[in-house]
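Take a look at this one chain, the form predicted alone, written out in structure tokens.
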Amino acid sequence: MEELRKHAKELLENKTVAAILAYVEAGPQRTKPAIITKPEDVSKMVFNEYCLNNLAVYLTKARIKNLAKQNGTVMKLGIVAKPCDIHAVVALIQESQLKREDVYIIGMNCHGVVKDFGMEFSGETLASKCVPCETHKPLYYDIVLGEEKQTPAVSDEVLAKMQAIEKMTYEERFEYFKKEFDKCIKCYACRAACPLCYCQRCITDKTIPRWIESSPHSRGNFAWNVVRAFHLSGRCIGCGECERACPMDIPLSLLNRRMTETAKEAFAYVSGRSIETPTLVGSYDVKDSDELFM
């Protein structure tokens, strides 16, 4: 903790960065995102198993970008990031939404986070996204901090659920997701929490023509959730923030992870792992499979 605070203070005092996206304590077993711009405020910074938010979502926000513009020059933005969050930073760079030289990555070694605030950290409370995670040490960083520890070994419940759904008939699968999507209230919390949902104007906000009905009924709900899943195909980095933000507990990770697995199986591609690698939809290889996955 002190190592993180010391380094953050140096970055701000030396004007290496204009601001640092970080976590601060917000009560027992709870943190919240914060924008640290003053060296004296780094004492509020924390990093622990309750740092749930993916701070990369803020890197494309106009307000944050404006912080970097000081006296006619553009300074770097700092970000305290878990390895999975760094995948989101890399994906944003791959999609030309961010330049590597414009962000200072304080990579944190991570052994997992809790499912939600207020829980004691253990295998039973480990977030589902942490179970299959293979990146406990940051892939990209300007500095790596934090102690290396083992992630609790637990069964992959999301994978088991995916496999169970894949054994269903098409009709059963359709009914399963229809029932889940019927719970949607169109609050768009999933969109707000997703670092890859950076469009200034979402397709759901367009009324001429109206692509997706905005009212929360069965047809509009199904269209919204399926279209969003397709938009994230080969792009989702698996941070799970959309599902955690959903007030109706819709299992969005089932769709997103299945899309991720399909991209990996068919094209050997995983989003956010390499800055040098073109995006899946932005590249073409004659060796790519043309098999239709259902």
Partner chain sequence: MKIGVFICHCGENIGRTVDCPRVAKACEWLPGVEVSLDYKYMCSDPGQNMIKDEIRKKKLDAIVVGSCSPHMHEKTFRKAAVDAGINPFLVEIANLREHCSWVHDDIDSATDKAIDLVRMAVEKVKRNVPLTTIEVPVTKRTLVIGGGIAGIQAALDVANAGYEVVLVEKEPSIGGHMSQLSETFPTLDCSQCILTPRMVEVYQHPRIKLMTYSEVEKVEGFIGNFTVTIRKKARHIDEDKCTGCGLCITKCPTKKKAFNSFEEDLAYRPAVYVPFPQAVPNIPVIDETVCMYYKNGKCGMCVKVCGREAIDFNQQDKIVTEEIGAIIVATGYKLYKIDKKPDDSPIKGYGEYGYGKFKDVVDGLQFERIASASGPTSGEFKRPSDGKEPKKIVFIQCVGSRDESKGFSYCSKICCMYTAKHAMLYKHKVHDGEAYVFYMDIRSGGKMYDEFVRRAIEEDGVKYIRGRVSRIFEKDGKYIVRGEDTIAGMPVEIDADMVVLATAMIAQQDASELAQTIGIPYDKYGFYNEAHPKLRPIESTTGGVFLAGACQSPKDIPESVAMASAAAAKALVLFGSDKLEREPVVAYVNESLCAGCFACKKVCPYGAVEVKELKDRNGVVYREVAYVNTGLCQGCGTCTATCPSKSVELAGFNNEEIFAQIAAL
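Please read all numbers here as calculations on a predicted model, not as lab measurements. Positions refer to the first chain, counted from 1.
Keep in mind that the form predicted in complex with its partner chain is not shown, yet the notes after this line are about it.
In the predicted bound form, none of the heavy atoms of residue 244 sits within 4.5 Å of a heavy atom of its partner chain.
Its partner chain is not shown here, but in the predicted bound form it comes within 4.5 Å of a heavy atom of residue 208. Under a 4.5 angstroms non-hydrogen atom cutoff, its partner chain in the predicted bound form lacks residue 142 among its neighbouring residues.
Proximity of residue 203 to its partner chain in the predicted bound form: non-hydrogen atoms within 4.5 Å are present. From the list 133-141, 109-117, 87-95, 149-157, the contact stretch for its partner chain in the predicted bound form under a 4.5 Å heavy atom rule is 87-95. Proximity of 7, 37 and 104 to its partner chain in the predicted bound form is absent: no residue of the three has a non-hydrogen atom within 4.5 angstroms.
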